[in-house]
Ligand SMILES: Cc1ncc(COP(=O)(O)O)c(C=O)c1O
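Below you'll find only one chain, the form predicted on its own, shown as C-alpha cells.
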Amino acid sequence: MKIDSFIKESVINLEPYTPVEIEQDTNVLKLDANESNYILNKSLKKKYADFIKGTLINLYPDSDNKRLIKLLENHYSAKSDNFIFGNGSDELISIILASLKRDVIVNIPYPTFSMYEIIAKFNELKVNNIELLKDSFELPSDILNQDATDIACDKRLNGYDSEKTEKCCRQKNIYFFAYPNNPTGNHFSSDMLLNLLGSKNNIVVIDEAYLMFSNKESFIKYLNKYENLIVLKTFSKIGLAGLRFGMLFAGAQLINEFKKIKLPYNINSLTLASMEFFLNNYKFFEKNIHKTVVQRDKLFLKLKKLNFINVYKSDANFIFFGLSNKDIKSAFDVFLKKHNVAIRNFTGLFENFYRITVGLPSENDKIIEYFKEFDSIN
C-alpha cells in the first residue's frame, strides 16, 4: 500500500517542528523552549490540588464557564464576544489559517515563530517571507508600500483602470507578527503595524505570547477600531505551558467565523478549572514575571562580556545571540551536548544563531560558567 498516495503534497513536503532532543536520564540544563522554570510553591500547590479535585471529568468540558469568562474579561479588559479559547496558540493559528481563501498571501517575518509557516503550508497557502533588517531585526520600511493597494483601488474607481491595478485590488494579505518577536526578542514598530491595519486588504495578527515581559501595551485596545485585527495570547510562558491554554481576540465578525470551525470541547475540563484557579492567584505569576525580567537583564550584561558571541537585547523571556566566528559552530555544539545544555539552534541563514531561555538564577549562573569556559578556549 502506498500511503503517500493518500496524503496531500503540501503535507508530504513539510519538515516537522522538532524540539531539542533530550535524554530523560541526564541532568539537562533545559533552556530551549521559553518555558518558565519557576514551579508552584508548596502552599499554592496544595490549594490547587484541593480546588481541582472536584472537577467532573466524566462530563464534557463547560467552555461557557461563567466564572472563568468573567475573570478573563477583567484580566484583559475585553468582552467575551471578542475572544475564543484555544488549545495553546498553535490551535488558534490553525483556526485562522484554515478559514482563509487560497488566494490570501500569508506574510511572515524571517526569522520568527516557525509554526506560522508550517501551518500555512499544510493549508496550501502561499507564504511570503519578509526578511528582517540585518542586526537590528526591524521590519524593512518598504513593508509600508501595502498602502499602494488602497491607492490603486481608489484610482481604479476614478477611471484609472489597468490589469496591474485590478491584480493589486484583488490581492489579500494576512500578516503574522510575534510582538515581541521570537527568536530575536525585539518589538516591531507599532506605527508600522497600525499602518498595515489601516489597509482594507490586510488582516494583521499580533501574537503577544511574550508581551508580559516588556513594557509595551497590548493591541487589544485597538479591537474596536480595526475589524481586521487579531490578537493572540497565551499563558504558556509564565509557568502554565503544560495546560495548553491560549486566547484569540478579534472583532465580532471574525470571532463568529472562527467559531464555525473551532472544534467543540477543545479545552479539557482540568485546564478550564486550572485557569479559573490561577487567574484568582495571578499575583504568584506576576512576581515570577518580574523575577524573569530582572534575571534576563543580568544575563544579557554577562553574555555581552563574552568574546565568542554577539548578543542582542531582548524584551522577552529569552535572549538571542550569534557566534562571532562561524568556524566554531561545530565545537560549540559539541560543547553544549557534552555539558547537557539544551538551547535552541536555528537553520538556514541563521544556523550560527541561538536562543537561550532565561532560567532560574542558579541556571543562569551555570550557563555563564559554561560559556566562560568555552570563551577561554576559543
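For every residue, the number given is its place in the sequence shown, counted from 1. Everything numeric here is computed off the predicted structure, so don't read it as measured data.
Although it is not shown, the form predicted together with this ligand is what the next lines describe.
Of the candidate stretches 88-96, 187-195, 211-219, 121-129, only 88-96 contains residues with a heavy atom within 4.5 Å of this ligand in the predicted bound form.
Think of it this way: in the predicted bound form, this ligand has a heavy atom of just one of 271, 228, 234, 82 within 4.5 Å, and the residue is 234. Looking at residue 285, you'd find every heavy atom of it more than 4.5 angstroms from this ligand in the predicted bound form. Among heavy atoms of residue 182, some come within 4.5 Å of this ligand in the predicted bound form. The shortest heavy atom separation between residue 178 and this ligand in the predicted bound form is within 4.5 Å. In the predicted bound form, residue 258 stays away from this ligand, with no heavy atom inside 4.5 Å. Although this ligand is not shown here, in the predicted bound form the stretch 97-131 places heavy atoms of 113, 116 within 4.5 Å of it, in sequence order.
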